[in-house]
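Single chain ahead, written as C-alpha cells, the form predicted alone.
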Amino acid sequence: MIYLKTQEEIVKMQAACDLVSRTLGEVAKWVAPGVTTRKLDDIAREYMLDNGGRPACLGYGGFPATLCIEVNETVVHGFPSGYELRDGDIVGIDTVVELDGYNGDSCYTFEVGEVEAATRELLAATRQSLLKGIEKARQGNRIGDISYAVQSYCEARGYSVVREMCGHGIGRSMHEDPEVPNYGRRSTGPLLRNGMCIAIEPMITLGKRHIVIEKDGWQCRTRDRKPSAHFEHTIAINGDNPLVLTTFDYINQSLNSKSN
C-alpha cells in the first residue's frame, strides 16, 4: 500500500532528511586513507544520537551497523569492519536516520585519495543518473519513467544497472511501497501522486550487472568484482517540481574544507 504524506508529515520528513544529510557531511570529514570503516560507523552513530535521531539501519532485520559500507565492488549492505581505506578506493556510505517517527535515507559514494579516471567517470555518471531520475518524479508520471531515465542514461554510456536492488517508498517505515527499480519501461508502474515520498538510488557498475550476495545474507558485490557506485536522495512528489528532501551540500562543504 502506498501512503501519501500530508504537508505536516513532509515537514517531519524534511527534518529527518536534513539530519541524515548532516550525518553524511560529518562522516565525509573522516573519509581518508588509513581510516577504518568501523570508525566511520562510530562517527555516524554518535552524530545521529547526539542530534536526537535514531540509527534506523542498526538492528533492522538483524543488520549490525549504522552505515552500509560499500567499498569498491560492494554494491550495497556492506558491514563496517577493521578494513582501512586505501588510496584509490571508492566507498559508498548509505544510511537512514529516524527522527520524530519519520525516516530520511541517503547515500553518497566517496573517492579515497587518487582514484582511476574510469572509476571517477562511473561515479559522475551514477550521480547524474540520479538527477535524471528525479527530473521524472512528477505528478502524473509513473515509476517506470524514473526507472527508464536512470537505465537509459547509464547504459548509453556503457555502464550496467544492478537489477536485484532498488529504491523504495519511505516515511514512518524505512521501506514502504512502491519499489523504485533503476531499470524499466516508460509509462509503466504505479502512478506518481502528490504526497508520495520515495528514495531513488541508482546502483551502477563498471562491469557486468550481475551480483553475488555473501553467505551472511546481507553483503552484496559485483560478480566480476568491478567497481560499483551508489547515490541516493529521498524526495517528495510535488506537482511538476520534485521536492528533494536530502542534500549533498553538507558533504560538498566538508570535502571542500578538506581540499583547502
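Start at 1 with the first residue shown and count on from there. Owing to the predicted nature of the structure, the values given are computational and were not obtained by experimental measurement.
Although it is not shown, the form predicted together with a small molecule is what the next lines describe.
Undergrad: Based on heavy atom distances of at most 4.5 Å to the small molecule in the predicted bound form, which listed stretch, 153-161, 91-99, 118-126, 135-143, is the contact stretch?
TA: Flagged stretch: 91-99.
Undergrad: Can you work out whether the small molecule is within 4.5 angstroms of a heavy atom in all three of Cys68, His168 and Glu201 in the predicted bound form?
TA: Each of the three qualifies.
Undergrad: To verify the annotation, which of these, Cys197, Cys57, Leu40, Met48, has a non-hydrogen atom within 4.5 Å of the small molecule in the predicted bound form?
TA: Of the listed residues, the single hit is Cys57.
Undergrad: If we define contact as a non-hydrogen atom of the residue within 4.5 angstroms of the partner, is Phe63 a contact of the small molecule in the predicted bound form?
TA: Yes - in the predicted bound form, heavy atoms of Phe63 and the small molecule come within 4.5 Å of each other.
Undergrad: Does the 4.5 Å heavy atom contact test between Arg86 and the small molecule in the predicted bound form come out positive?
TA: Residue-level check for Arg86: no, no contact with the small molecule.
Undergrad: Classify Glu232 as contacting or not contacting the small molecule in the predicted bound form by the rule of any non-hydrogen atom within 4.5 angstroms, answering yes or no.
TA: Residue-level check for Glu232: yes, a contact with the small molecule.
Undergrad: Please tell me whether any heavy atom belonging to Val112 falls inside 4.5 Å of a heavy atom of the small molecule, as the geometry stands in the predicted bound form.
TA: No, Val112 is distant from the partner.
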